[in-house]
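The chain that follows stands alone, in the form predicted on its own, written as structure tokens.
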């Protein structure tokens, strides 16, 4: 069980400031009159003490307070360019940032949870004892901001007043990080004290890029102190490592929900989007997928886009599951973004619609225009990327596979700003889980019970992607949230079963699996290409929208409910495609041996976990029995015609 405020508070120990008066005295010596006036807005003593202790740790020349005013936003953009962290491009509002070659994704081998003697963490996580982490922060991070400006930003992870939103402080010497955060997070500067009182807590994030060089990369660390909701990060600039409101604070939010808000809240690695169904009704989805597995594409398919990455969920007083996006922008992977699958994004990226965008680690040609792998455009004659000069004959890829774009959601045509900004949250009717699966699961299937739904989430597998430096191979990706679950997976799993089986929920959501990555080769076809296209996503979501309202029934199978062919034909016609019976049979035949092997893999892995909730193995055992009976009757590959 996690205990808060347990063990030595590293930031407080190093800074040694314990009162608001002492904090104020130190901050007065580092801020000019304008910034001191801005700081007067913040009266939460604990926040002021943390800021002062960070200043003692980093020893900056001065402090700049980001109040997220128009002037502050412009100042951060300007300084990011002046400091050389970004450079301007041809289209107005477009800039580009290059990270070091070794700093192109989350540094999984240099990211640690700070733990106490009696504290458990996920078996998938790396951890460091509090004393060792304390020594590292003191010895390596002390004085990293000498001669530089320490910036302090106040952002909210969600709309002000939302039941699951949590305010956070971001301390950094990188104006690229500030610029990115201003795009990605709603300001809470003016309402910080009230939000801290409502949420009962806040998160603190401390980052210094130090002297950036390939030689210093081995010294880079990302620490997450779960007990004190404080992060430390150094010698890195890839936004997923220093901008810790994102995945660092997401981890803290997971802990809050798992241990302190059971059956009331969940913190998920999920998109939120709405689809317009018959009669103009709006049905909202929340969906999990590991990075690089189509999450942003799925979110953008909706008619009412809310968010592409994270979701804070709760059960309201009427028994409705509601969710908010903690962010107001997108930090998306740009590889394979193109007009066919991502028209809303492409309008912004190509400058056809005005938008503020920060590109990272792409190819920029001599005209200042962006290029990336998978954009389906001809190579430019010359340009530069994060490795330096680029020409087609160098034989180098255009962009890193984890190249990114950061832009505000308000620039996207299908963004529903009113719903996204509402503290009431979005009513969620459908929950989806997906990964990268070439040969096993069908494109869409629905759990028959909440327990089966939790089991779908627990069973996600995916190929390792470029988002994680040092990760290789095919990985289990439970709930697509496993890299961000600090405690034992069994604790998180129990929280999932409690939430989705809660008697507080008036109408249980549809819980479904999605798989866009079946290949022709694995399903009896020719070639190794995917057995589908990006735009098919709208058909799969469309079927789930109809299912959620009882408009389609599907076929009952051992893995859950799958669509009937006739239910899908009009949905494909709506996206301008025929959907022949032959393709349907290839996609939805049950490859029983493959599914059984997948279940056995999951059971073997989860069998190593202590205190596993029995509901999971009960689902697996029931599915195995039904699949073996189906195999005995129809063989190892069961066509849909045998399920009718």
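Residue numbers count along the first chain shown, from 1. Remember, it's a predicted structure, so these values are computed and weren't measured experimentally.
The protein also exists as the form predicted together with ligand SAT; that form is not presented, and the subsequent description refers to it.
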For residue 542, is any heavy atom within 4.5 Å of ligand SAT in the model of the complex, or not?
-> no
Quick one: does residue 240 come within 4.5 Å of ligand SAT in the model of the complex, counting heavy atoms only?
-> yes
Find out whether any non-hydrogen atom of residue 86 is located within 4.5 angstroms of ligand SAT in the model of the complex, and reply yes or no.
-> no
Answer yes if any heavy atom of residue 375 is within 4.5 Å of a heavy atom of ligand SAT in the model of the complex; otherwise answer no.
-> no
Which residue, 331, 113, 192, 479, has a heavy atom that falls within 4.5 Å of ligand SAT in the model of the complex?
-> 331
Candidate from 77, 247, 221, 322 lying within 4.5 Å of ligand SAT in the model of the complex - any heavy atom | 247
Among 204-212, 255-263, 232-240, 452-460, mark the stretch whose residues have heavy atoms within 4.5 Å of ligand SAT in the model of the complex.
-> 232-240
Give, in sequence order, every residue of 387-407 that has a heavy atom within 4.5 Å of ligand SAT in the model of the complex, or say none if there are no such residues.
-> 404
